[in-house]
Ligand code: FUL
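Just the one chain here, laid out as structure tokens, in the form predicted alone.
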């Protein structure tokens, strides 16, 4: 009995931690930004008076009567978004033309004066309700530029009008994930940006302000592509802040709004996969625009392509080979189970592997019972404690020697590496340089779908 008691006591005390977790490396994401990172992808829906004129930017002179969807169906949009893995949907409430898609009392240039639903329709309410019904987040695009409203040339009067729109949108449509301010056409105009931000935070303190805003930045192109090194910490207004990038791109090349002759511009499967790996796969969030047609539905060819794209991604990442491996590391902080490399087996469970201070190069090794074939490696930092990794590499064991397959820079929320098809019993993820001790929350190893991109095609 005494021996059994001793063994039980020993087992219970193994891995008891006498060191604390690393301190955050500031700045770090707010809880709202962290939640947004975890959504990974959203759907952009450009829909408005432009939809009915085969134009991207109408000039504000198109008559409200021309806005006439025949079967407005945002539930279809939201259901498609949910099925293809989008965590949120951004809807264009007012584009540069100034036409407002809910019955505001602050301008006549809105759906109140359209034949749609005899002037009683509210597109924003229907989209917001649809998003909540299927369980995705809702946000709205509101263009600061206005090519219709005469108040635009009077800064004070226009700011009052713009704030009235914001107040209605933030008050009447439930929880808002993201307010999207386009920078197009804003050069040279004086806006009360701080007044806009203050109003948003007053009414919806959890809403994130994107692009012309302090919470989410534009990646810098409309191709959906993030740079090789994605840094979330940026200089803004003279101080360092957490300001992560969102990658926006239309599924029909160069067309944000629906055009009757636009189907031939639909991106190929390979193009969409390339966008995924160079946005989400580099640690950014992808906002993919799919334009509803004049009926008010997402076009069938676009939906078919989306489902094709999603099926390839799901097939590639359905089986994490690393789950069958034995995990070890060069060093584990305090030799504690709390910081074990085994914590990297499951995504987003707030557990992580980290090392003792001052360790320099460190690594996690996966050892399999027999050789495995793979061509994808996923790595995630525990960004709740900040972004740290500046250089990392992936290695495999060849006989008695280690061979480096790849060397790269940042990891961030999520890094997906495409590799040549490789077979080995041992795989190593190595952190070569970091701003502070690395904090890694997930490592995955996968073999891609036969329909997925291969390494010799990724840059084509």
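Positions refer to the first chain, counted from 1. Keep in mind the model is a prediction, meaning the values are calculated, not measured.
There is also a form predicted together with the named molecule; it is not shown, and the following applies to it.
Exactly one of the stretches 44 to 52, 424 to 432, 405 to 413, 27 to 35 approaches the named molecule in the model of the complex with heavy atoms within 4.5 Å, and it is 44 to 52. Using a 4.5 angstroms limit between non-hydrogen atoms, residue 184 touches the named molecule in the model of the complex.
Taking the partner from elsewhere, residue 339 is found to have every heavy atom lying beyond 4.5 Å of the named molecule in the model of the complex.
For residue 91, no non-hydrogen atom is located within 4.5 Å of the named molecule in the model of the complex, even though that partner is not displayed. For residue 154, no non-hydrogen atom is located within 4.5 Å of the named molecule in the model of the complex, even though that partner is not displayed. Contact check for 141, 248 and 256: all three have a heavy atom within 4.5 Å of the named molecule in the model of the complex. Put simply, of 380, 252, 217, 96 only one has a heavy atom within 4.5 Å of the named molecule in the model of the complex, and it is 96. Though the named molecule is absent from this view, in the model of the complex it lies within 4.5 Å of a heavy atom of just one residue from 129, 315, 222, 335, which is 222.
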